[in-house]
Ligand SMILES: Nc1ncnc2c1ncn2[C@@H]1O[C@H](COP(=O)(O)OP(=O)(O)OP(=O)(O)O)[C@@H](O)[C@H]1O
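This document opens with one chain alone, in structure tokens, the form predicted on its own.
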């Protein structure tokens, strides 16, 4: 399923427009990084796409189905499109991990055995089966983030919207999150995530949707992150590997560490120095 936002204008009570004529497309199975400065409207866009916030005008569509805001249509939309907030404590409320992840499936009307099967599936995809019986208050920040994503995954959505999933994680936690996201996309899940981690976005995403001046500019991520005027307007920096490639006059593409070293005449594989 393709999730589309068309010409969204969105605001909150007592504020001016946050989004102004914002449009984006999330094709099925795609990996999209949502980029922009603090306060640019990234979270508002995610909330509009999920149905959590009703825009002042414009449309959100899942394939040909236009999102309407009566209870039955919102419920149907949220079965397909799940939003995970930046702070996991906003969405964790059960005593232990299994109970928390099972909450959504049970609310769908599944019986206990079906819900437990969904829990096992979601925990396995996120690589956290060992946390099944842990109390939620005993989890680390990174573990809580993955549990909240597991709760969304247990609903078997076609689209997963993540707000800053790597924020506050150490490098090991970011690597674990990357593995979890790769497992989900391998299953065919569309993932759009808001992030300030430009290097992570470049290494993971296929496309970037840059929120700037209330609108959205979307395209291949390496192309978008080479646009100096766009980066300046969005208060973003260019990833070091793209900057280096540009200075070296290399082809217009994303370059890995190995490719850059090879282009400079070094060995194809960079071994880490030993202590």
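Residue numbers count along the first chain shown, from 1. Quantities reported herein were computed from a predicted structural model and do not represent experimental measurements.
Below, we refer to the form predicted in complex with this ligand, which is not included among the displayed structures.
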| item | value |
| --- | --- |
| Contact label in the predicted complex: residue 55 to this ligand, heavy atom within 4.5 Å | no |
| 4.5 angstroms heavy atom contact with this ligand in the predicted complex for residue 18 | yes |
| Residue 196: touches this ligand in the predicted complex, heavy atom cutoff 4.5 angstroms | yes |
| Contact test in the predicted complex: residue 39 vs this ligand, heavy atoms, 4.5 Å | yes |
| Proximity to this ligand in the predicted complex, single hit among 121, 164, 143, 96 (heavy atom within 4.5 Å) | 164 |
| Options 66-74, 43-51, 23-31, 234-242; stretch whose heavy atom lies within 4.5 Å of this ligand in the predicted complex | 43-51 |
